[in-house]
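The chain below stands alone and is given in structure tokens; this is the form predicted alone.
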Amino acid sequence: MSRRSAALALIVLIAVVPVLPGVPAFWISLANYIGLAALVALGLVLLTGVGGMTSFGQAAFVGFGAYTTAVLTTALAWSPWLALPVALLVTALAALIIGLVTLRLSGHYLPLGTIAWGIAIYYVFGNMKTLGGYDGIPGIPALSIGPWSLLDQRVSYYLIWLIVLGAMVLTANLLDSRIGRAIRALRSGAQAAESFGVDTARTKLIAFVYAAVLAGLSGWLYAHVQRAVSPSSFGLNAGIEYLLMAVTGGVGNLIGAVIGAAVVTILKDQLQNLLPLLFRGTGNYETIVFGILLVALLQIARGGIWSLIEPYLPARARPAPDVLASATATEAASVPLAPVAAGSRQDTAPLLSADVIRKVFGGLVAVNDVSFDVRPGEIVGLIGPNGAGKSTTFNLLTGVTHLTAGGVRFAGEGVEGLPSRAVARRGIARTFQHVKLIPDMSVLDNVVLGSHIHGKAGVVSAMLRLDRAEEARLLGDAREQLKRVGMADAADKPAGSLALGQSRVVEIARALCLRPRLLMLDEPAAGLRHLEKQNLAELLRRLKAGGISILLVEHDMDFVMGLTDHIVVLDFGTKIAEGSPAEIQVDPAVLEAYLGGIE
């Protein structure tokens, strides 16, 4: 059975459940609550599983949606459908404000922050008299469509699950887009994503608000299905349960959200009836079972229940590349990206200038007043022993690390102090000393991340698939760059399956997607065999002929001497020599640094 057939079978099953003979009304009601929980878990899949931001506070956003519609429909007698956009807007604004503060945190501080505001909002709901205090708001009207009331659980079932399926489609579309790839890139850290133009702060906020809006939608539905709201449904315990659902089903997969919601909701219902009988007393004993379930899943299947099912399904087929887009990308790739300057090194103005740049970490001077130029149509090598400050210099030039003193100019414009995404937009692309690919994404999806700044489609366009022409163009360009570096056959492989040398070449392809004027390569030949190094050197020569200037850090001196036009040598953060390869090979200071002296 194909994945599409499996999805259709699931949709048919959902559609026929209420009309099956003998299905009790209680199970229909339970299915409704599964659907409501699945909406929240779906947002957590995007936020936590894909974006890597753990939140324990999603129940608070359910509360924002529920309380907004409760107040509007009871106190002001609004129609529930008229209250829907207001409920979503209030939830989105609350998420925007909370996100602007909370998403500045990282590591374990972020989930701790979500716990803090989750508890705070629970007490706000409980202590506001206009919201009914801890007693909540009763008498909320049921939903209706024209003359049809949705008070019947079997009727509301179809509305809930239609919304769940719609949310899954929209979320899948979002993930299969330029914005979705940017969200995926967050899990591997902001440094790499920022270096090819992703505004990571904005991307985090998009994921956070989107997940909150799904929770608010669930809250709106919950209020009109339950017909009463109170703070107890939106506390920290509920937030933990929603996160447990996402982890149980498979926090990185949309179907996992539904599986997790079903497993946890059904287990909770059954355990609440069974465990008090076993322990002969009342209490939240199901929490003990949930804790055991979570520990067992983390030991056996960290990808959740879906990871146990997925291997038995056929591989997902990627659509064939758009021929026109590929042709356009090929044509664009064959055109020089910048004019190659003629004349000697002294006759051409620098493309990149490092002007007495300095970086101090506490009492350590990592880069000590270093100056050098990279001119158009030139390959410059930055060499030195381990710990000489080469990678730190790269980070200073690309905005990853802020300068202590000095300046950096690119194409005549000062770029010091700019964030790395702004530096990338000016035409500087780079690779990293330690490869920064996203292992669970395909090679093609990793490479097309480099084209992020060349797309304009936003969240709404992605969700409605109005970005398909742009996507075809970006993917076509990515395939062309893979072809250029000799990795076209690996396009659909997981990036985590590549050898180190292959991963470095894929990083070069990703950098080329940015269409740079200057390509900065941090140890590109590390891990490559002799023939692969020869092929890489030939590729870099072709890129130089096509108008791209190159600055590279490398330890293989044969590779550097046979490729570069100019070399800068660092030792303990200080420039000790600069010149042509022939001059550098006989420079006494260089021989002293590398070999301990001429003797």
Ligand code: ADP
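These figures come from a predicted structure and were not determined experimentally. For every residue, the number given is its place in the sequence shown, counted from 1.
Note that the form predicted together with this ligand isn't included here; everything after this is about it.
Although the partner is absent here, Pro419 sits far enough away that none of its heavy atoms falls within 4.5 Å of this ligand in the predicted bound form. Proximity of Gly389 to this ligand in the predicted bound form falls within the 4.5 Å heavy atom cutoff. Using a 4.5 Å cutoff between non-hydrogen atoms, Phe361 counts as a contact of this ligand in the predicted bound form. When contacts are judged by a 4.5 Å heavy atom cut-off, Pro385 counts as touching this ligand in the predicted bound form.
In terms of contact with this ligand in the predicted bound form, the residue from Leu72, Leu110, Ala366, Val400 that brings a heavy atom within 4.5 Å is Ala366. A single residue from the set Ser442, Thr348, Gln433, Ser232 has any heavy atom within 4.5 angstroms of this ligand in the predicted bound form; that residue is Gln433. Exactly one of the stretches 491 to 499, 165 to 173, 447 to 455, 391 to 399 approaches this ligand in the predicted bound form with heavy atoms within 4.5 Å, and it is 391 to 399.
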